[in-house]
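Taking the form predicted alone, here's one chain by itself in C-alpha cells.
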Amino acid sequence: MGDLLIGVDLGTTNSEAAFINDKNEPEIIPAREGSFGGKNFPSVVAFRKDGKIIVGHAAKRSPFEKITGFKRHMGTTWKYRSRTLNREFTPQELSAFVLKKIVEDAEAYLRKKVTGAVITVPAYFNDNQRQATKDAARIAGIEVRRLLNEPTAAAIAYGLGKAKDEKIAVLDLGGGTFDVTIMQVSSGVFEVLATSGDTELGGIDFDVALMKYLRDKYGLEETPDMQRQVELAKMELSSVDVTYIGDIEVTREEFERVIEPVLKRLEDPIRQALKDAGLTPADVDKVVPVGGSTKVPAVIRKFESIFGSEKIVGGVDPMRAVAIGAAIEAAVLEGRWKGEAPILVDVTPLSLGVEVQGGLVSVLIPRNTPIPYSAKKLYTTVSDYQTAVRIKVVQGERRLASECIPLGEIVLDGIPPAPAGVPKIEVTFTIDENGILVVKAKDLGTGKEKQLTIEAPHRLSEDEIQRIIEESKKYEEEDRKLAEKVEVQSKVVQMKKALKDLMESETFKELDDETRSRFTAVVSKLDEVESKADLEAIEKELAELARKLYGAEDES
C-alpha cells in the first residue's frame, strides 16, 4: 500500500472526497455504504446508548440522537451536549468524526494509506474558522496540506485546461453556506479578484422555510421524520412539479413562493463581490453554480436575473466540483499531477488590523488582499514612560475594534521608559496561503520580539460573522461619528499637553497680558470641544496666537 493525498469537501449537510487516479482523472471516493444512500458522506453524527458514535449514512438513517449542521459553528465556543452520552462535543470534534470516516472509507476503497488532505472551506471563513478546521483534521489524524477556498476549488474543476482569459463568478450554495468568488482565469492562473458570502445561508434555510409553512398552514408537527420528508420534498421539487408530504400536496410553484425571502438574500453577497472587484454583471464572462442547493431551479433563475441566462455554464457537477478541485490541488502538491498545474492567487475575505488609541482599528491587511501576504506598520506608546504595549488583533470591517472579531493579543513588555511617542514598535502581519495569520511585535530599540499564531476558538458568534459586512453598511454613519469623536478627543489631549508645556516656557512669560489671557481661554475651550468643527475653529485661533508668539521670539 502506497501513501496518498486526497481532496475533501467538508460540507455542512454532506461531505465529498476525491482523488486523482493513475489515468490523471478525478475520481469520487464513495462511502462504503454508498449503495444504500449515495456516494457522499452525510455530515451527521449519532450517539448510541452503548456509547458508540456512528457517522454518515448510518447516522442519518438511525433512530438515535443525532446532530448535523455543526460546520456553521466552527471557530466559536459553541458546544453540543449529547443527552445520550451526557457530555459535550465541540464543532471540531464533531467534524473530526466525519473526517475520520472519510479517511477510513478512502483507505478501504483505494487500498492505500491516506496521509493527508487538501480540505476546502467557505471563502468567507475567518481566521478562527480556518484554524478550527485544521484542528478538526488534527483530531482525526490527518495532515492538512492546504486549506482551499471552496469556490476556488470549483473554479479549478471547471476551468483547468480550457478557460482562456475569462472572468468567472463562482456561486457556491451548499447546505449551510453561500460563497461568491469573482475570479480571473487565464492560462492555468486562477486569480481571485474578490470574495463575499453568507455563512448562515444555504439549503437548510429552504427546509426551515418549508417546514414553517407546513406547520403554520396544516399544523404539522416538526419531528425528525417530518424534517426528513421536507428535505426529500425539496429535492424532488427540483425535477418534478408536484410532490407529497404525507397526504399534503406541495407544488414547485408553492415551494418557490415560500422560499422567496431566502432567495432574496442571495443578491447582496453577489453585488458586494462585484463591487469589491470593480466589475458589473456585464463584465463577467461565465457563471459557475456550485453546491447541491443550486439544483433548485429557482436558485438558477435568481442567478440568471443578475447575470443573464447565457452565462450560466453546464458540465460541472455542482455536488462534486469542490471535491474534484481539491483532489487536483492535492495531486499537484504530491507531484503526481500530469499536465498544466493550476497557479492559485487567493485573497483574505475580511480586513485584519490592530486596536489603537481610542478603540479604533488600524488596518494592516484590507479585505480581498491577495495571499500569501505580509504587511508592517510602526506604532508607538501613548503614555510617558510606558514599559509595555498590548497589541489586540481583530478582523472585520467596522471602524471600532469592539465591533470586530477578536483574534488574540500580544503583550510586549520590557520597553525602556521614554516619553510618549519615542519607542518604535514594529507590528508585522503575515497571512499564508491557507489564510492563517501570524502576528509579530518588535521593539526596534531593544530588538525584543514576540510572536502570536492566532488560535481558535475565540469569543465569536455566528451572528457576528454573518453581519460583518451588513453591519458595516448599516452603522457606517454611526461609526463615522464615533470615530470622529475619538479622534477629536485624542487631538485635544495632545493639544492640551503641548499648550501646557508652552505656558510653562520663558517665551510665554514674555508675551503681553492680553495674548497670555487668550491662550488661557483657548485651553478652557478645549475642555468643552465635542465636534471636529469646534476643534477646527480653535486650531485657527491658535494659529493666529502662534504668529504673535513667533513675532515675540523674533523681536527678542
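Note that residue numbering follows the sequence shown and begins at 1. Treat the numbers as computed from the prediction; the structure is a model and nothing was measured.
One more form of this protein, predicted in complex with a small molecule, exists but is not displayed; see below.
With the partner omitted here, the residue from 330, 441, 204, 147 that has a non-hydrogen atom within 4.5 angstroms of the small molecule in the predicted bound form is 204. The single contact residue among 126, 195, 177, 152, judged by any heavy atom lying within 4.5 Å of the small molecule in the predicted bound form, is 177. In the predicted bound form, the small molecule stays beyond 4.5 Å of every heavy atom belonging to residue 311. Taking the partner from elsewhere, residue 295 is found to have a heavy atom lying within 4.5 Å of the small molecule in the predicted bound form.
Contact between residue 39 and the small molecule in the predicted bound form is found at the 4.5 Å heavy atom cutoff.
Interface residue remark: residue 268 is not counted as part of the site for the small molecule in the predicted bound form, having no heavy atom within 4.5 Å. Using a 4.5 angstroms heavy atom cutoff to the small molecule in the predicted bound form, none of 65, 223 and 229 count as contacting. Shown alone, this chain has one stretch from 229 to 237, 407 to 415, 385 to 393, 85 to 93 that lies within 4.5 Å of the small molecule in the predicted bound form by heavy atoms: 229 to 237.
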